[in-house]
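In structure tokens, one chain follows: the form predicted alone.
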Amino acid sequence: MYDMKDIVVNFFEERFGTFMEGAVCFAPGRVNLIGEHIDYNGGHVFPCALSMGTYAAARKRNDRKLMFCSANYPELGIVEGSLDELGYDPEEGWTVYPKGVMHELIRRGYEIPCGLEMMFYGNLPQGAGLSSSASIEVLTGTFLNELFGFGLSPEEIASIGQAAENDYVGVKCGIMDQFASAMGRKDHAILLNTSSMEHSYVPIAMEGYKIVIIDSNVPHKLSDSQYNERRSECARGLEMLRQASDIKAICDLDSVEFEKYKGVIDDPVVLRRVRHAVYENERTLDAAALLSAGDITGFGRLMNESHISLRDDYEVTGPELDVLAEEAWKIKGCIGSRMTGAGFGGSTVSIVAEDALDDFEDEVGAAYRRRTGLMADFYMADIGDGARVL
């Protein structure tokens, strides 16, 4: 079996020469099983880290130059920069993510005393909504922590990655993606309270079932999406709710309280956004409890309800993700399917009986081609550990 550490080192040596005295690290992508678009509303999310993700080999230079290279984009060659010129350039492409992490570390008082040569290689499907950007951010924090001895905890690396995406890249994401990448545990999902950052690990013991990720092949471009618009709508909803209730976040309300106070929201669009957040938070807590108790069928039912809410109240699914979910629901042996990630393209996640996997891929794939003209890619997801030095 091939060794990913050797592969990324080989890529490094093809561009930069013999690899010595550096760091080789990995940070996974993530899939969120349920709890979508509530990590910035103070709710609970339920992600798990994947065995797929991004690898990097990095070593120090004796000057201030930054040299980025990606084996996924060999046509770009080496992208050069400088520690003295870390300003944001939207035309720069993927290097904004590692540069954003460096910028945030320096802003927080950590010294990066010299430049770096860095080779990145990812095996996440591009644009599938599995958090490749968060993976790169957490990965960068991990190898900088290793090379320069910052003593950062995984939680701190996640926080730095989120700040880089919020304040440098300009995407107002919540903490879930970076937290799952940094803090994942093999064969467990993380029940994370995004308001308090309290979290627990829930074993994913689904004997006879598999987690299947379907990439719609409609690229998920977070910074080009309506993601920030949804955040703004929720902020308006919170402001309205505060006329009736002393809450800090939308998900401080349960469904009974929401139904009591919803009359203060005078915008029907904002009302739908808030309703999704409140009910999705309750679904997530219920889903984690059901999965802990071994009730896979009940868990799957809540996944389906989540997708419907994201389609009708939050309006982030789009026709391709709706087709994938609808066709999955028709398959005997599929107990639940929903979009995962920010939406506007990307992927669905399904729980499928092992003896139905072949029929599931054949029938959903054929229906998707027929209804959209597109090809979908299917991945059997393994739940892995979080970011680490290899």
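Worth saying up front: this structure is predicted, and the values here are computed from it rather than measured. Numbering starts at 1 and runs along the sequence shown.
The same protein has a further form, the form predicted together with a small molecule, not shown here; the description that follows concerns it.
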*Of the listed stretches (50 to 58, 325 to 333, 33 to 41, 357 to 365), which one has a non-hydrogen atom within 4.5 Å of the small molecule in the predicted bound form?*
33 to 41
*Between the options I160, A182, M176, A189, which residue brings a heavy atom to within 4.5 Å of the small molecule in the predicted bound form?*
M176
*Here the chain is shown alone; which of A342, L66, I351, C69 has a heavy atom within 4.5 Å of the small molecule in the predicted bound form?*
A342
_Is F150 near the small molecule? Define near as a heavy atom within 4.5 Å, in the predicted bound form._
no
*Hey, in the predicted bound form, does Y227 get a heavy atom within 4.5 angstroms of the small molecule?*
yes
